[in-house]
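Coming up is one lone chain in structure tokens, specifically the form predicted alone.
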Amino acid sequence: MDAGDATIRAYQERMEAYLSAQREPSPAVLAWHDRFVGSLGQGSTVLELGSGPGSDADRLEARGLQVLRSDATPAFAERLRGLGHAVLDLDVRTDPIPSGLDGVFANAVLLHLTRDELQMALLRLHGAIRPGGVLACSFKEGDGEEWHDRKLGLPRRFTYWREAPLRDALTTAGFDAEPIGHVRGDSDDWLQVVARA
């Protein structure tokens, strides 16, 4: 099975475990939300990749954005539909991305892609975001790749990034990244990106 498909399967089969492990966002994550919202106008339309539980989308909507939810994991998409939301079944590696977006938000989603997959995804996202629009995405900071089964009990693949190569990947795709945030976490350190198309 493809590594990305195996990661999606882990979320599909362990959705309840993932939901039960969710915590309130840290002040650093909320400040990152603020940066993203502040870079867009009220009423801007944004696509969220990997909506999962939907809590990020709820917070962004409460701040005045119009959020189109999406997920590659059918269980999450169906759960969100059950809560009354419109949701796209969207795997950023392969599926069409709506065009003319004001922004894209991807919290701890693109870190499951290989480096080559991320470069292709960034190019596709740049084509979907209007000129001057904004991409916000976050990655675990570090080196190499890793499979682990923490939290879910099934393996998921993670690709770790340092600021310089991540900034290079964004620039190659046509994005102009603002200062990249470095955030200390309980078990991992994070890179928080806000980049202009």
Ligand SMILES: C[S@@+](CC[C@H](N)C(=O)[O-])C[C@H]1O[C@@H](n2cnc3c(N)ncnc32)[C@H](O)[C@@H]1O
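Just so we're clear, the structure is a prediction, and the values are computed from it rather than from any experiment. From 1 onward, residues are counted along the sequence shown.
Beyond the structure shown, there is the form predicted in complex with the named molecule, which is absent from this document and is the topic of what follows.
Engineer: Please determine whether Ile97 contacts the named molecule in the predicted bound form, using a 4.5 Å cut-off between heavy atoms.
Structural biologist: No, no contact at 4.5 Å.
Engineer: Though only this chain appears here, would Leu90 touch the named molecule in the predicted bound form if you measure heavy atom gaps against 4.5 Å?
Structural biologist: It does: once the named molecule is placed as it appears in the predicted bound form, Leu90 has a heavy atom within 4.5 Å of it.
Engineer: Could you confirm whether Pro53 comes within 4.5 Å of the named molecule in the predicted bound form, counting heavy atoms only?
Structural biologist: Yes, Pro53 sits close enough to the named molecule in the predicted bound form that at least one of its heavy atoms falls within 4.5 Å.
Engineer: Are any of the heavy atoms in Arg79 no more than 4.5 Å from a heavy atom of the named molecule in the predicted bound form?
Structural biologist: Output for Arg79 is no: heavy atoms all beyond 4.5 Å of the named molecule.
Engineer: Just one of Leu191, Ile8, Val194, Ala197 has a heavy atom within 4.5 Å of the named molecule in the predicted bound form. Which one?
Structural biologist: Only one option qualifies, and that one is Ile8.
Engineer: Can you work out whether the named molecule is within 4.5 angstroms of a heavy atom in all three of Met120, Thr159 and Leu166 in the predicted bound form?
Structural biologist: Checked in the predicted bound form: no contact with the named molecule for any of the three.
Engineer: So which residues in 94 to 116, when you check the named molecule in the predicted bound form, have a heavy atom no farther than 4.5 Å from it?
Structural biologist: Asn107, Ala108, Val109, His112, Leu113 sit within 4.5 Å of the partner.
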